[in-house]
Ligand SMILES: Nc1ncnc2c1ncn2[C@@H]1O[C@H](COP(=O)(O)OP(=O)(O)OP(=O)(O)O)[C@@H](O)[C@H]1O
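Let's start with one chain on its own, the form predicted alone, as structure tokens.
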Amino acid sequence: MKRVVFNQKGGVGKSTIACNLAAIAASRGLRTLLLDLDPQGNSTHYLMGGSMVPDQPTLADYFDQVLNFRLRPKQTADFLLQTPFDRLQILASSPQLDELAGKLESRYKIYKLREALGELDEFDLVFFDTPPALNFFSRSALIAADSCLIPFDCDDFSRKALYALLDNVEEIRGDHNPHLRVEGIVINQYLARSSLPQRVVQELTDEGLPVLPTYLSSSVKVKESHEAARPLIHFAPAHKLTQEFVALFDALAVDRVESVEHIKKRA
């Protein structure tokens, strides 16, 4: 199962959601991979902390190999890094991704990420963290993924951007990846006592949009976990926000099982 966490709007919690769901999956015994396609590298820092060293491979090295033919190219597995957390590996980001994007786009390498993941069959779950833009890297992830999770932070700007985002995902599904589906909208930084978030979420639900039932609260604890470079399941397992992430992961797992069972029944 490959999930891309995507929103064209910045600051909605893509990296936090991707890393925490991946960490929970690994803590449950699932072999998990996270790809950090954002040149800012927030997911890479969150999962690797100070354990990254200059000579370690990154996604920039992989894409550079895509652009430059080599007689003995490295396998995709050669670019994987083990995080400090059991069963959780990463394809790390690099600022050089920014420099490579235009070259990759002009040479139409948009399917290479999907091909690369086809070489990796040892993972139970794969998560993509994406840049806050519909660019080469986010499109590559959407083409390679089975489903899309959309973080949403309950303001009017996010709501207006949501409709364009859904249209863009649908276009990619129609043109490049017929198996892609929007798995759900993740309500993030939710303030239960504020009327605006409640109203906005209710309106999205009334419109029939796939709002996931578990909302993620706003908490300083997540910023502390960023600083410590430890996802919440390891940093503060009993905290309310951690348990909300666990509930979100469980809801997604149940949804996945039900989808598989539905397909089996149809067959």
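Counting begins at 1, following the sequence as shown. All of these numbers come straight from a predicted model, not from anything done at the bench.
One more form of this protein exists, namely the form predicted together with this ligand; it is left out here, but the text below deals with it.
Chemist: Test of understanding: in the predicted complex, would residue 241 fall inside 4.5 Å of this ligand by heavy atoms?
Modeler: So residue 241 counts as contacting this ligand.
Chemist: Using heavy atoms and a 4.5 Å limit, would one call residue 21 a contact residue for this ligand in the predicted complex?
Modeler: No - in the predicted complex, heavy atoms of residue 21 and this ligand never come within 4.5 Å of each other.
Chemist: Test of understanding: in the predicted complex, would residue 12 fall inside 4.5 Å of this ligand by heavy atoms?
Modeler: Taking the distances in the predicted complex, the answer for residue 12 is yes, it comes within 4.5 Å of this ligand.
Chemist: Does residue 48 make contact with this ligand in the predicted complex, using a 4.5 Å heavy atom cut-off?
Modeler: Residue 48: no contact with this ligand in the predicted complex.
Chemist: So this ligand isn't shown here. In the predicted complex, which residue out of 27, 65, 214, 40 has a non-hydrogen atom within 4.5 Å of it?
Modeler: Selected option: 40.
Chemist: Of these, 94, 138, 188, 158, which has a heavy atom no more than 4.5 Å from this ligand in the predicted complex?
Modeler: Exactly one residue meets the criterion: 188.
Chemist: Within 4.5 angstroms, counting heavy atoms, which one of the listed stretches 50 to 58, 221 to 229, 194 to 202, 27 to 35 is next to this ligand in the predicted complex?
Modeler: Result for this chain: 221 to 229.
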